[in-house]
Every structure is written in C-alpha cells, then in structure tokens.
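Below, in structure tokens: the form predicted alone, a single chain.
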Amino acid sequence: MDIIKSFPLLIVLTLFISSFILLLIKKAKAAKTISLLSLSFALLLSAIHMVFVLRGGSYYYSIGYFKSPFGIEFYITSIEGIMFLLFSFVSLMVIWYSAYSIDKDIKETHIPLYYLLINILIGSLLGVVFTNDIFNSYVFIEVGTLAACGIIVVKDKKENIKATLKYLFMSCLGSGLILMGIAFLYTMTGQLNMSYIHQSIINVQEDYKRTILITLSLFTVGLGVKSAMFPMHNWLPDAHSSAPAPSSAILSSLVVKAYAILLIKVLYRIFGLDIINQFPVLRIILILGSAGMIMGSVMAIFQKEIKRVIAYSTVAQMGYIFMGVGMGTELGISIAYFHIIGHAITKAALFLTVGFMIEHTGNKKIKDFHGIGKRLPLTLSLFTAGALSMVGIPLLPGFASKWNFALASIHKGELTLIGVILISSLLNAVYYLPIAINGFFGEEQESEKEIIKGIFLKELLPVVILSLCMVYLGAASEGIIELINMGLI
C-alpha cells in the first residue's frame, strides 16, 4: 500500500500536467470537462489517502533521488490528510458550479485559460500544504500567487485589473519578506528542510536571538499579508469582491487558508513553542487576530455591495484563525485548523449563492436583494444557512468553532477573548441576518434583469452539497477535532 503515500505528489503533478493539456484546448466545454475530471480524481485519491493516514499514521515522503535534508520531501499527518480532502472537495464543488456560470462572467475564449489557472492554483496550494521544505513552499507560493492574480483579472474589467494590481503588489511584498526569512533561516542553520531546521535552530538559538526575532517577524508579516491578517488585509475586499464568483469562492475558502497553514508550520514545526515563547510574536498575532475579528465585521457593516460584505467577513473569520494560532496552546491550534475547515466550506457556499443572485438579478447592492427569496427561495435558503453558521448558531460549524475557541480562551486564562468572540458574533449577526430577513420578508425590488422564479437545483446542487457538508461538520466537530489533534502530536 506504499503507493498511497505517493498520492499527494501524484495529484500535484496531475493538476500541473492537466494545465499543460488545457493550454492546448480551445473549446470551453472540453476545458471544463478536463478540470472537473482532474479535480474529481483529486477528491477520489484524497479520500483513499485519508483512510490510509488514519490507519497508518504520519509519514515522510521523499521526492526524487536525494533523501532529506538534501532532497525535497512531503510530511503528511492527519492534518495534511484532512486538508488534502478539504481542498479537493471544495475546489471540485466550486468548479462544478462554475461549469454553469463562468460563461456569463468571462469571454468564451478565456475559459480554457481560466481552468488552466485554477488547476495550477489548486496544485500549488496543495504543494504548500504538503511540503516539508521551506524553499519548496516559496516556489509553490509564487506559482500560486500568479495563478490567483490570473483568476481575478481574467474577467477583464477595469475594477478587476485595478484589484489584481493591488493584490499583486501586496503579494510581491509578502513574498519578498518570506524569501528574506528563508535566507535568515538558511544562514543560521544551513538547512531548508523544516524538520532539520528545527533540530539545528534549537542548538544555535542562544547565538542568534536577535536574528530569530527578525526571522519570525519576516514570516509573520509576509504570510500575514498573504493570508489577510488585520491590518494587512487591504488587498482582499477589492480582489475577492470584483472576481468572478467561483474565483471569489476559491480565493476566500482556500488561498488565504494555505498561507495561514504555512504560518502555523513555520511557527510550530520550524521554531517550536519553546523558542517562539521567548518572543512576543504569538502575543502580537493574538492581538491582531482579535482586532481582525472586530474590525473586519465593523467594516462589513458599512458596505453596500453584498460581495464586499462577504469579503470583509473573511477578514473577520481569518481573525479567529490567528487568535487560535496566537494562543500558543494545543487546543487553540486545533480549533484554528477546525475553523479553517468550517470557514472554507461555508464561505464557498456563501460566495456561490451570492454570485447566483447577482447573476440572476444584475444587482450588487444589498438593498436590491429585498424580497429575492420569493423568486429564488432555494438560493436564499442556502445563503441563510451559511450566514447562520457565520453568526454561530448551534449545530453549525461556526458555533462549534466559537464554542471551542471560548473553551480554549478559558484554558489559556484569557477571559477577555470570550468577550471578543461574543462581540464579533453579535457584529456577524448585524450584517448577515438583515440580508436573510429582508430577502425573505422584504418588499421585492426592481432589478436590472427580469428574475426568473425557480429552484435551479441543477445549477445549485454543488452548493446544496457544500451546505449539507457544513451541517455534517457542525454535528461531527468533536470527532474532527480529535483527528486534527492526532496530527499535532
């Protein structure tokens, strides 16, 4: 069964190679089919691989002739296994939905290019998740950044070009800081493999106190920019709100999460808790995460366009993840990973339902969606389910996250964080619930297009599946957190 150990590498290669095939494709339908087949293959392998990891435990997988520390290797625990499954599942659902909608957002001639970029992006993100080599992470980051910019600018509108340039500039800044951090790590340890860096840095930490602090700062800011840590998030609202709906779903659900996962690996796998506790880095991440939870929601309240509300909501939800990371406890990190899973599924469903409403009405502003539930009842119901999860209603993953974050705060002795969680939840309700209530019970508004009344189950089936998974995730949260804990040991 050792062949299953190669599944993570196999799927990264499959997605990259299928991108080359997409380069030769001219027909939109063929491009959609190839992308769907490659991501379906990824989901199948990730499910088999998850069972393998649960039975056999963590493992290292060397790539190529040279073994570590000279060669590249993947390190797979139950966490990487879960993320493999998550990234494959969410991307497949989003691309399935896009097969019905992307033609309305971008030119037909650009569709093969779009799916090429999607496959490269998902392959790169999985590479970031799997690799145990810090420079290899950087390569995957750079490839993924260019692909992410591509799926925003592909819409070819003025606002997309402007948002892409802003995202590219900020991403390049973040990448530069990460590269400088890698250079400092190599200077101190002579290693690029994360496990070997950790062993070496323990031995030299007394000689490089100041350099370690600088390196930690470079990685925190660099990856903070890329994962939209408050206040380094200013590229996100424009990029996520102006992109086609499937792009917004991928960017918000998966792209920022991959960089947050890498930050966790840098802090806890490379440096380790004993070293980072000597510096105020975790405290700063905790404060910025808490501030993001509040400020992201406050900024969402003042938005008029529905996609910008959801985009700012991502800033707030990423704050929860950074708060968990900054706690510096096993429970805090476990819940941060759980929130990554819950938010990825929920936010994909939210962006796709909103994209569907915009596509069918031609409207973008929140006030224009009053009464839309009378015409698009299933769409608004799916949106409401995602919104309730964001607010933290019991049985949904948002509640499980917030409940466990509260327990982690008590365990840490940081009772003020419970107040931050409560305020953030209240603010979530202030901007999400009026959209749902006015959508169901408000007076119907005029729209730029004639709204065709219907259920549209075929187009919305991927979102229905995402929503069902969201409910399952809330119900099975305890077991999933136990699986995550297996990867932390």
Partner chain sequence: MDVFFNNYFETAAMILFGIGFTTLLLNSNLIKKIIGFNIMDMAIFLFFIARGYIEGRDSPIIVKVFKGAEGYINPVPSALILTGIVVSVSTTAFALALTLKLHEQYGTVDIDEISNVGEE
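Because the structure is a prediction, the values reported are computed rather than measured. Numbering follows the first chain given and starts at 1.
This next part talks about the form predicted in complex with its partner chain, which is not shown.
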My question is simply whether Lys412 lines the interface with its partner chain in the predicted complex - judged by any non-hydrogen atom within 4.5 Å. no
Find out whether any non-hydrogen atom of Leu273 is located within 4.5 angstroms of its partner chain in the predicted complex, and reply yes or no. no
Touches its partner chain in the predicted complex: Asp156 (any heavy atom, 4.5 Å): yes
Going by a heavy atom distance of 4.5 Å, is Gly176 a contact of its partner chain in the predicted complex? yes
Partner-contacting position among Ile358, Ile284, Val139, Leu407 - heavy atom within 4.5 Å of its partner chain in the predicted complex: Val139
None of Ile294, Ile366, Cys149, Ile202 but one has a heavy atom within 4.5 Å of its partner chain in the predicted complex; the exception is Cys149
Region of this chain that lies against its partner chain in the predicted complex, out of 327 to 335, 91 to 99, 345 to 353, 161 to 169 [heavy atom, 4.5 Å]: 161 to 169
Taking its partner chain in the predicted complex, which residues along 170 to 204 bring a heavy atom to within 4.5 Å of it? Cys172, Leu173, Gly176, Leu177, Leu179, Met180, Ile182, Ala183, Phe184, Tyr186, Thr187, Leu192
